[in-house]
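Starting off, we have a lone chain in the form predicted alone, written out as structure tokens.
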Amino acid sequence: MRDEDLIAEVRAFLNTHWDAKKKRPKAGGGAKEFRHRVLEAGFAVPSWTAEWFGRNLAADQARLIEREFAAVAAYGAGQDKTNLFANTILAAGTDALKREVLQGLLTSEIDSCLLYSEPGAGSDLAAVRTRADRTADGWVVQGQKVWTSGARTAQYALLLARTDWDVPKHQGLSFFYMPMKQPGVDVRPLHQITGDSHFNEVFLDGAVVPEANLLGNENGGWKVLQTALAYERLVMGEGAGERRQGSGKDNRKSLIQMARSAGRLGDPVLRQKIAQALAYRQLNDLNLARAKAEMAQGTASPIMSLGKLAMSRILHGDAAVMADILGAASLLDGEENPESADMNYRALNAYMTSIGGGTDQIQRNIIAERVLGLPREIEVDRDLPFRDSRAVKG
């Protein structure tokens, strides 16, 4: 198909089903119905095969669809790069699992969460001690996870668990898509410094994972995890989590608007700081476009770590510029001081991007080793059987 024909088809679809002025589905159709129409048209995951809701399009044509949707603020397209759950399951799931959950994931009818980090295994995910023990028809899981977003509403979770304790830590892990709504799963919210409670700790005591919900090979979970982390870092590199839930603010405009309303847009030093903040965002957008172009389905790209690290710097930097604009008023908070409250929220919330999906320090290690080709960091327990490692013996 020629590019111009594809663009014409997408525009005709959007003109029929999407109200560009009101930025919502046209009268008579809700969000659920619109997402199903996007999926049926092959626009949700256009680079995937037709068997799994795609159109077998090359990456450049798939991005044409994404850009047309973005131009009218429509949702549902571009999930072949941004939906970490669907992409991970497409890459590593059984056909039975794909048939069960892919459509629901792509239409947002299935909510999922990530069960990776543990109290004793945050940055070193290979040291997880949550165990999955074999049964006749699957696995039984025992352990604890922490810092899990969306666990209270999720129907499923991507779970990293240990299935072999007698091999080195990276070799004894398996990756699962575990049902969350079952006995043996206890979700407890964590109160954050921002006042939100997006994160949770999850206790697993006899939770069951069916045989069909293993992703990849048993004891081959580390490889599958890298695919999932790449998609997560891409999403975080694009700024997911920088705003309050439900906020439609565009931070690239708010710095200029704040400076103008404060009567400080003419300040040359402040203008330079704002310009630098906007330049960082533009550079990150270009880097993410490069990463998307290089990332084949089901693979992990270390370039994603550049985007995630950059977004961490951007968010902290934006908060600092906002504090400069507000001056002493940045010390205020509460509903009666909305700009100061927004600045304080951004400053505190920026740490979510600095920590979630792998800390800034982890991203620097990845960039050093896999992008720059520098020597690996020494790990004294890398080749030991996990039960003999410091993570177990202390």
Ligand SMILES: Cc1cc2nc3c(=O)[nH]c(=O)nc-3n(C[C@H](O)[C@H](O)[C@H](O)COP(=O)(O)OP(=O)(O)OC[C@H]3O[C@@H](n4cnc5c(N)ncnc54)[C@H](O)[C@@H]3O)c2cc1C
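Values in this document were obtained by computation on a predicted structure and should not be read as measured data. Start at 1 with the first residue shown and count on from there.
Missing here is the form predicted together with the ligand; even so, the following discussion is about that form.
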query	finding
Position in contact with the ligand when the complex is considered in the predicted bound form, options Ser330, Ser47, Asn337, Thr359, heavy atoms within 4.5 Å	Thr359
One residue of Thr153, Ser261, Gln276, Ser149 in contact with the ligand, assessed in the predicted bound form (non-hydrogen atom, 4.5 angstroms)	Ser149
Which of 87-95, 110-118, 181-189, 209-217 lines the interface with the ligand in the predicted bound form (heavy atom within 4.5 Å)	110-118
is_contact(Gly143, the ligand) in the predicted bound form, heavy atom dist at most 4.5 Å	no
Touches the ligand in the predicted bound form: Gln282 (any heavy atom, 4.5 Å)	no
4.5 Å heavy atom contact, Phe203 and the ligand in the predicted bound form	no
The ligand contact in the predicted bound form: Leu57, any heavy atom under 4.5 Å	no
